[in-house]
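Below you'll find only one chain, the form predicted alone, shown as structure tokens.
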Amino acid sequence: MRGIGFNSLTMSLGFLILIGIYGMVADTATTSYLHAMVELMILAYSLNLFTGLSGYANFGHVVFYGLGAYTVSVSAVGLSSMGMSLPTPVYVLGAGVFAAIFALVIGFPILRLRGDYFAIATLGINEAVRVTICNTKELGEGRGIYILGLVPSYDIKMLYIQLLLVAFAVVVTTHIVLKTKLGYGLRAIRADEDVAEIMGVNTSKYKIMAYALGAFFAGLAGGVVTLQFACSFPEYLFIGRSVDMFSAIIIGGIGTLLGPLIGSVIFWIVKDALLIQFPYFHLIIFGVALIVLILFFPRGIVGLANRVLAKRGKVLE
């Protein structure tokens, strides 16, 4: 349908504007709740940029989130020792850049692997980084690094604005990628990488670009969250966070523009409600529901919506 991508983009940005306005006028507790939901949304989009489009299962994507967090803390401590400080957006941008550089460094060797071997390699890298941090005195070991008073103090409202700007950026970036050679190349890799190479697709280039791009946005999210809690600690690299990202894009629709947004919202609201109502069984209930969704609606909510819209000659991205 003509203008479909624009409609999907408009709905995504429109939703961010609505929750942005609501979060700014709501009480602090509500803003904090929305802050955490938008954070998950950014991580889901960042994972979707690589895994969703290429089909490569990156179970260690949370490493970029953690590295972004530690980049802010280490930078703040280092600059403070010299009597210096920077505006918080600069710290956040540095977190994204460092995460992207790390992705480029490790991406060249591990992106030569495929399937289960790649997935296991990403898990190994995440665990290696976590263990290294836990055993490095300069990185706070298992205690973490605290930066309270070392960076300009911002309340939750200001940090919420910064996080929303990152969310806007990752949504627009996803839209652009889907419409360019990078997006088409990644989807060709997902369909059949060997055939894509035969047809002249530079698979190595596209994979490393998407891998670094996703890492950049995950690093930005980690940077903002570090400013929120004024600390970074090894739990930022907890593998369960990667599971949350995967759940979000599976629920919403892998490789789509609207999928990560829809999936993140549903995942966050349902998981939080289950945690409150069934604190000891919420993971079991949610896990069963997720399995049912995958079995009956493998393309997620967006795929389900497209079944209905296809009868009218329309589709959602």
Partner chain sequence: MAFELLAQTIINGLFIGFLFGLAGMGLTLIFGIMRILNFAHGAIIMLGAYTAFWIFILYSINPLVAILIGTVAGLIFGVVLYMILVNRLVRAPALASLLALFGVSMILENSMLNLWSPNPRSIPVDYPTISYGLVTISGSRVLVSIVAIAASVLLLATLKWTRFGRMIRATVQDSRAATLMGVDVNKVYALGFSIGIALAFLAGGLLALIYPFEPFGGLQYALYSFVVVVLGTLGNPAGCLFAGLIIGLIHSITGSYWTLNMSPAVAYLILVLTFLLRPGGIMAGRE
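Residue numbers count along the first chain shown, from 1. These numbers were taken from a predicted model, which means no experiment stands behind them.
The next section is about a form of this same protein that is not shown, the form predicted together with its partner chain.
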query	finding
Any non-hydrogen atom of Gly303 within 4.5 angstroms of its partner chain in the predicted bound form	no
Proximity of Leu139 to its partner chain in the predicted bound form, heavy atoms at 4.5 Å	no
Proximity of Thr88 to its partner chain in the predicted bound form, heavy atoms at 4.5 Å	no
Contact test in the predicted bound form: Thr51 vs its partner chain, heavy atoms, 4.5 Å	yes
Residue stretch of 67-75, 236-244, 164-172, 93-101 approaching its partner chain in the predicted bound form, non-hydrogen atom distance within 4.5 Å	236-244
Neighbours of its partner chain in the predicted bound form among 46-66 [non-hydrogen atom within 4.5 angstroms]	Thr51, Gly55, Ala57, Phe59
